[in-house]
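A single chain, nothing else alongside it, follows as structure tokens in the form predicted alone.
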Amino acid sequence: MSNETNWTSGLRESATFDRNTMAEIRRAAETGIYDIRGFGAKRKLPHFDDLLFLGASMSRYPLEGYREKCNTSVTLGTRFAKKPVVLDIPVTIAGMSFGALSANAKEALGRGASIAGTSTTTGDGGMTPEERGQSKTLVYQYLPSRYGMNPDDLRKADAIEVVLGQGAKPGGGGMLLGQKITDRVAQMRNLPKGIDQRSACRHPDWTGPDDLAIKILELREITDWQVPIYIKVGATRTYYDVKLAVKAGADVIVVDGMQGGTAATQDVFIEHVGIPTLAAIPQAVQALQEMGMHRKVQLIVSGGIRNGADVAKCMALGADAVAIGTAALIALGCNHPKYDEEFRKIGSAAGFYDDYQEGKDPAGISTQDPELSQRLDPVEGGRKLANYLRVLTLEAQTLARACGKNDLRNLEPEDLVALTVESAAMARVPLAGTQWIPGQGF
């Protein structure tokens, strides 16, 4: 029965118990287990589309796109590291593990990032030779699970990211189901083959920021103070978490909003824990400014970054760089329409596939199946990712020049207005057509 027929016959769907909600109740009643999936939050949230740039007109002077440069480079880790990370563009690749992703996907991410002049990140599960070999700049994640962690790999990294939380599941650990734990994954993680695993939700060797400071010193000693130490937090109590991370000695803070992706966790976690990326950035910037550390400790923002406008808006709100995960996988071919028939055979469809935990991805990205993995050519995938990163950068430059800025990091909140009261309050910029920032008076 079509929606038009429903309307003409007087049928009305419940806003509280809509068809998706009913389907989930029936699924829970049939199986007795909670839903596990990948991807990220699917509910509508205040996001960067709710912000607009105020381009130059009479009161501002725009820059000419073909003659006047707009700098995109960024240096990360200037606080303590002897060798800060220098990137050509402020768009990095977020941590996604080998295990969650295929070896070809990890190689493609490294290739694309290197071509574009940026960094990629290992994720849970350790460092693969394919990724290190094809990544000019590689960030090594140090997670609660310690899967694949060893000092030799720490010394091979260009930076270390201590992961305290993830935007899709702050306060929770990761999952890797048995069907994705092959011989190689099991060997790297020191796990039994084919058995489901759940990562710890907190690090086993510290209980608070004072202990974290000791751990950071330990990591610096292992690496001879050469490389930057990042701290990554899921966006929740961002203001306080950022202050504690700075006090613990971080060179770089990574804040991951709830639109961030994951390979596998509980659906209830993805949709109901954390705060939107848009709300987290001003809290992080305020914390850094109050400590006199804004721009001294660099801020990387992730969670739902899709295009150059999102990049530019993050920069305008005070970020030094952004990180992308889900968008990078889509650039490689995740959820591509050419696999729609195969997606439908496993109960999904192109554009809707989120069962990353099953390891049956027809695109060869979120799988350990050898036949499926071979569908992703890492060289071609790397080329596509580099193209995408180039477009993000060009789009961000276009917007910055329109605002009269010759450096992406010169963008500022004064260049933005909001379309809704909610986004204005979260981003702390005026509602369009007014000088009113909700919560700050008139």
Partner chain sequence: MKSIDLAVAEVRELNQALHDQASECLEREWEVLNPKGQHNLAVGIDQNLSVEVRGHAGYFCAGMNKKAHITVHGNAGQGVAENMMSGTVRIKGDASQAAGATAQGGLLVIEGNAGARCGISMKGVDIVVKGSVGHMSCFMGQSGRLVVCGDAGEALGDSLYEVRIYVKGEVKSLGADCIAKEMRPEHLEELAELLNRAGIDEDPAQFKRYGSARQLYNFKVDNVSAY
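This one's a predicted model, so the numbers in the text were calculated from it and none came from an experiment. Positions refer to the first chain, counted from 1.
What follows is about the form predicted in complex with the partner chain, which we do not show.
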Original post:
Would you say all of Y230, Y239 and L299 touch the partner chain in the model of the complex, counting a heavy atom within 4.5 Å as a touch?
Top reply: no
Original post:
Where does the partner chain sit in the model of the complex: which of 391-399, 374-382, 42-50, 27-35, heavy atoms within 4.5 Å?
Top reply: 27-35
Original post:
How about D183: is it within 4.5 Å of the partner chain in the model of the complex, going by heavy atoms?
Top reply: no
Subject >> Contact flag, L87 vs the partner chain in the model of the complex, heavy atom cut 4.5 Å >> reply: no
Subject >> R132: touches the partner chain in the model of the complex, heavy atom cutoff 4.5 angstroms >> reply: no
Original post:
Could you tell me if P151 has a non-hydrogen atom within 4.5 Å of the partner chain in the model of the complex?
Top reply: yes
Original post:
Considering P337, P204, G292, G347, which brings a non-hydrogen atom within 4.5 Å of the partner chain in the model of the complex?
Top reply: P204
**OP:** Let me know the one among E271, D369, E342, D211 whose heavy atoms come within 4.5 Å of the partner chain in the model of the complex, would you?
**Re:** D211
Subject >> Neighbours of the partner chain in the model of the complex among 211-241 [non-hydrogen atom within 4.5 angstroms] >> reply: D211, I214, K215, L217, E218, L219, E221, I222, D224, W225
